[in-house]
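Only one chain is included here, represented as structure tokens and corresponding to the form predicted on its own.
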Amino acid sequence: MKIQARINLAGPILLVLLLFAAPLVIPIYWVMILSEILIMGLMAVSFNLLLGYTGLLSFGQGAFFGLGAYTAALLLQAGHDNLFLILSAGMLVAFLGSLVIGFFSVRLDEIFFAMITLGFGMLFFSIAHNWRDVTGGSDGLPVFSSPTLNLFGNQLTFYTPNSMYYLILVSVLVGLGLLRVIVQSPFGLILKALRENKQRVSFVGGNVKRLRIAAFTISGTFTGLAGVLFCVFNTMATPGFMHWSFSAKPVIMSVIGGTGVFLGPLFGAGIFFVLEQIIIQFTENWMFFLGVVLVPIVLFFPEGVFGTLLNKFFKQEIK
């Protein structure tokens, strides 16, 4: 048992060490790709708290990503460059947004839940697209400064790709660590019970609506963190973050990586972006070929690529 526990712990530790060492051995271009993978991986893992653990398929996750991104852009444009302020404000706005949407959405199931989250997502997209005075409309909000961090009297900036990468890496690791604690807590076990049979949870005294709202707001808050990081990384917040097509990305990443394993969506994000980089070298219609690749993944990797391999070679108990 102790040996199995050490094996389970060795993988994440090795992954973290490799991520910290990556900028020392790979070109700047791939450091930036890896930064984007980490951000979208955090969004996908946050989304999977709904899909993989609670059994709710949301198509409005982009709304919270956009709320985090626009909050960061507005604060930076106003001259507020404190990193903790920007991260906290972005997560708070995403929390409030997900609380409101979750209140109206979680009373529905399956396709009806997916449709109402899609509707709310497109509502936020329309507001961001049309409220030009605040959001910049279709042009988006450009960011001309970078957040700073006062650490033990030293003022840290994040203008270089490597420093920005380490900011993103540390933020994503903290976010993933907190999400891991949540899914392994008694609350996480109740979410799995909800996924399997919400009636039984209700019969034993569980408040299904409140539990779902809690899962929805936690997922939305960490998605907002991903949005803040992407705005700082990409120096831009655009309405496109809130479009349904952007909300489909964490769904695809989770399916590719595997919804049954905590880090499955993170690996799905990695596979997604690596495939994109390879395919666009040969054709601009990379989405077509991504669809071609997705079909065998769904057919032959029912638990996602990462989940299936983990289960096959390490007999890892999923979820």
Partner chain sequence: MEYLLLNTLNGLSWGMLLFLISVGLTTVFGVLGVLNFAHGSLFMLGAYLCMQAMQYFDSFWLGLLVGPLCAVVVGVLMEKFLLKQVYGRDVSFQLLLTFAVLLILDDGVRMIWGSGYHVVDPPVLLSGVMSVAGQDYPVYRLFLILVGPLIGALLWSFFHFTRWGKTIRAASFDNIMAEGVGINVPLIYTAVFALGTWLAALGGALAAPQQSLVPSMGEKIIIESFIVVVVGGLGSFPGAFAGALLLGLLESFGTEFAGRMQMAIPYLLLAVILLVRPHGLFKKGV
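Computed from a predicted model, the values in this text were never measured in an experiment. Numbering follows the first chain given and starts at 1.
Beyond what is shown, the protein has a form predicted in complex with the partner chain; the following relates to that form.
Contact between S126 and the partner chain in the predicted complex is found at the 4.5 Å heavy atom cutoff. Although the partner is absent from this view, F273 stays clear of the partner chain in the predicted complex, with no non-hydrogen atom inside 4.5 angstroms. With a 4.5 Å cutoff on heavy atoms, W244 counts as touching the partner chain in the predicted complex. In the predicted complex, at least one heavy atom of F59 sits within 4.5 Å of a heavy atom of the partner chain. The partner is absent here, but in the predicted complex a heavy atom of F104, alone among Y159, F203, F144, F104, sits within 4.5 Å of the partner chain. Of the residues L75, L194, A214, L118, just one reaches the partner chain in the predicted complex with a heavy atom at 4.5 Å or closer; this is L118. The stretch that touches the partner chain in the predicted complex, counting heavy atoms within 4.5 Å, is 105-113, out of 87-95, 221-229, 175-183, 105-113. The candidate site formed by N130, A248 and L290 is fully in contact with the partner chain in the predicted complex, as each residue has a non-hydrogen atom within 4.5 angstroms of it. Taking the partner chain as it sits in the predicted complex, the stretch 293-311 comes within 4.5 angstroms of it through a non-hydrogen atom at L294, V295, V298, L299, P302.
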